[in-house]
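Heads up, the chain below is alone and in the form predicted on its own; it's given as structure tokens.
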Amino acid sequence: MCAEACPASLLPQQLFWYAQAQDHERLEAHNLFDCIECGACSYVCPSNIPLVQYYRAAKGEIRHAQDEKVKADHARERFEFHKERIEQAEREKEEKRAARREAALKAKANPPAADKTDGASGSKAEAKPSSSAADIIAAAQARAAAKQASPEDQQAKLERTIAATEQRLIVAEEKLAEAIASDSDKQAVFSAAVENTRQKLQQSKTKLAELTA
């Protein structure tokens, strides 16, 4: 009787079964949303089943499930975009680190030519006869020279210091950028740290330039 009374030519009894079972796929396959909710099926039902109420509730559940799926898709897209952005930043950092390591290795492999005047003057000094006082002075000079690091060692140490300072500067600039983006009250602290690190880096570079000049 309900099928005969339906103006949309639907199958109300089957829709009722699927609505009770919450079988959304079969409800949509049987054109649930074509129901105009006129109430004719409920009116002629000899069992007085509130069919329209079941159909209305099933429509709401289907719409809610569709909305949740759209939200989940958007959340997944945002997560994937955020993850890709972090991975890209990590790749850029690693490329910078590799470039700095390569530059440091090249600098170590090609040290500046050592000053030959020291060796020549030393040989001349050895060739000349000296008194006991001159021997004492020469011994003192030799001990002082032994304690002083060679130019190659000084250059290598400065290069390591520069590489470490550049890394600290990158970290400090990232923290400052995050503080500015989040409007944090620590912007002044991070800004001072960035400026201090830049000054130290410049000092180390100046010393290296003077050493290799």
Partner chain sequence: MAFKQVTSPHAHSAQSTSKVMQLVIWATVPGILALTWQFGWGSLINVVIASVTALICEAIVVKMRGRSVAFYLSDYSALVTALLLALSLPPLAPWWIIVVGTVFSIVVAKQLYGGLGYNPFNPAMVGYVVLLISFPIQMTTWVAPLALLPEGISHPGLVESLQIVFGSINPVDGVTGATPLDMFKHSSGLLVDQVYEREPLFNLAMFAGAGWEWVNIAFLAGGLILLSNRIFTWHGPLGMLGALALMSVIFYDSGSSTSPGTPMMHLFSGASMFGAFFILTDPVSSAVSNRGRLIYGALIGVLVYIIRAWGNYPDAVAFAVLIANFAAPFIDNYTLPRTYGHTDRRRATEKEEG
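Numbering follows the first chain given and starts at 1. Remember, it's a predicted structure, so these values are computed and weren't measured experimentally.
There is another form of this protein, the form predicted together with the partner chain, and it is not shown here; the text below is about that form.
Enquirer: Just one of 38 to 46, 156 to 164, 170 to 178, 184 to 192 has heavy atoms within 4.5 Å of the partner chain in the predicted bound form; which?
Expert: It is the stretch 38 to 46.
Enquirer: Please pick, from Glu28, Glu152, Glu68, Glu61, the one residue with any non-hydrogen atom lying within 4.5 angstroms of the partner chain in the predicted bound form.
Expert: So the residue touching the partner chain in the predicted bound form, by this definition, is Glu28.
Enquirer: Taking the partner chain as it sits in the predicted bound form, is Glu4 near enough to touch it, meaning that at least one heavy atom pair lies within 4.5 angstroms?
Expert: So Glu4 counts as contacting the partner chain.
Enquirer: Although the partner chain is absent from this view, report whether Leu11 comes within 4.5 Å of it in the predicted bound form, heavy atoms only.
Expert: So Leu11 counts as contacting the partner chain.
Enquirer: Any of the heavy atoms of Gln20 lying within 4.5 Å of the partner chain in the predicted bound form?
Expert: Gln20 belongs to the contact set for the partner chain.
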